[in-house]
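Next up: a single chain in C-alpha cells, the form predicted alone.
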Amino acid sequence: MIKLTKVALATTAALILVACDDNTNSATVTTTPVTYQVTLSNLTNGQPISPPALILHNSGELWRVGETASDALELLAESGDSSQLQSSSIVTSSAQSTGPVLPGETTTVTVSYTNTVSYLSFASMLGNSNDAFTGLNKIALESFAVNDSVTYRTLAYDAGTEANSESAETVPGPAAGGEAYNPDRDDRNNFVAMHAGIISGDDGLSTSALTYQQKFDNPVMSVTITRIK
C-alpha cells in the first residue's frame, strides 16, 4: 500500500483537474502579489525611532535573546542604519519608511512580494541610546487572509554591542549628537537582552547626557499589520 502525503494528494488532485479540462492543454502557473500595510506608532516620550525597515522572509530571524548580535544588527542598534539587515541573505522583499518615527507620531509602510511569504520582521533603533532597539521578529504570515489585521506592542532590547554610558560622545540621537556606529564592542555582556532602561543624569549617572525625558518603559511601539492584497 502506498501512503500519500498531503503534498502528494494535493498534487494528484491538481493533475486530475488539469487532465479533465478539455480546453486546457497544459497547467498554467500564476503568481499573485501579496501586500501588507504596517502602521507603526511611537509610544515613547523622548525617543526618536529610526526609519522602520520591514523585511519579508521565509527562514531565519533578525535576533535571538541571549545570543550575540549580528554585525547587521549592531549597525542598526548603534546608528539606525538598516541597510545590512535589508540586504541579508534571508530577505525576499523589504520596504522602509521615509524618515524616523518621532515620539507620539505614526507612520505607515507597505511591503509586497510576488507569491507567498512566511514571516515579517523589522528592527529600529531608539535614537537617544547607545544600542537600544525595538522590533518584531519572525511574525508568521501564512494564515493571513486579505483584510486580516493584528496589532502588536513591541519591547525594547539591548543589542549588547556598546556599553550604556549614555555619554554625549556615544549617543547619536538629538539629545546628545555623538558618534553612531563603532565596530569595537565594549559591552561586557555581548549578547542581546531585554533593555534595562535609561539611567539618566537626573538619576545620578555622571557620564550621561540624557535626562528623564529620554527614559522609556515597555512597550515602546504599537504595530498593526494588515494584509491588503
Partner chain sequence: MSNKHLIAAGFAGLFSVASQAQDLTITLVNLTQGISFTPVIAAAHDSQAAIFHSAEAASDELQALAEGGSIDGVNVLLSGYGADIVTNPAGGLLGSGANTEFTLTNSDGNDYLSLAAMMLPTNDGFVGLDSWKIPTQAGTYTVLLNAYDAGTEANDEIISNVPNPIGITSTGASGVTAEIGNSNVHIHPGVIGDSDSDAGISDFDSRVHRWLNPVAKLTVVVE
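Positions refer to the first chain, counted from 1. Keep in mind it's a predicted model, so treat the numbers as computed, not measured.
Below: the form predicted in complex with its partner chain, not depicted.
Inset, instruction - Tell me, yes or no, whether residue 170 is in contact with its partner chain in the predicted bound form, where a contact means a heavy atom of each within 4.5 Å. - result: Outside the cut-off, so no.
Legend entry - Touches its partner chain in the predicted bound form: residue 137 (any heavy atom, 4.5 Å): Residue 137: no contact with its partner chain in the predicted bound form.
Inset, instruction - Examine residue 44 and determine whether its closest non-hydrogen atom to its partner chain in the predicted bound form is within 4.5 angstroms. - result: Flag for residue 44 set to yes.
Legend entry - Contact label in the predicted bound form: residue 202 to its partner chain, heavy atom within 4.5 Å: Close contact exists here: in the predicted bound form, residue 202 approaches its partner chain to within 4.5 Å, heavy atoms only.
Inset, instruction - Could you check which residue among 149, 106, 110, 86 gets a heavy atom within 4.5 Å of its partner chain in the predicted bound form? - result: In short, 106.
Inset, instruction - Spot the stretch among 64 to 72, 175 to 183, 44 to 52, 157 to 165 with residues whose non-hydrogen atoms come within 4.5 Å of its partner chain in the predicted bound form. - result: In the other structure, the partner sits against 44 to 52.
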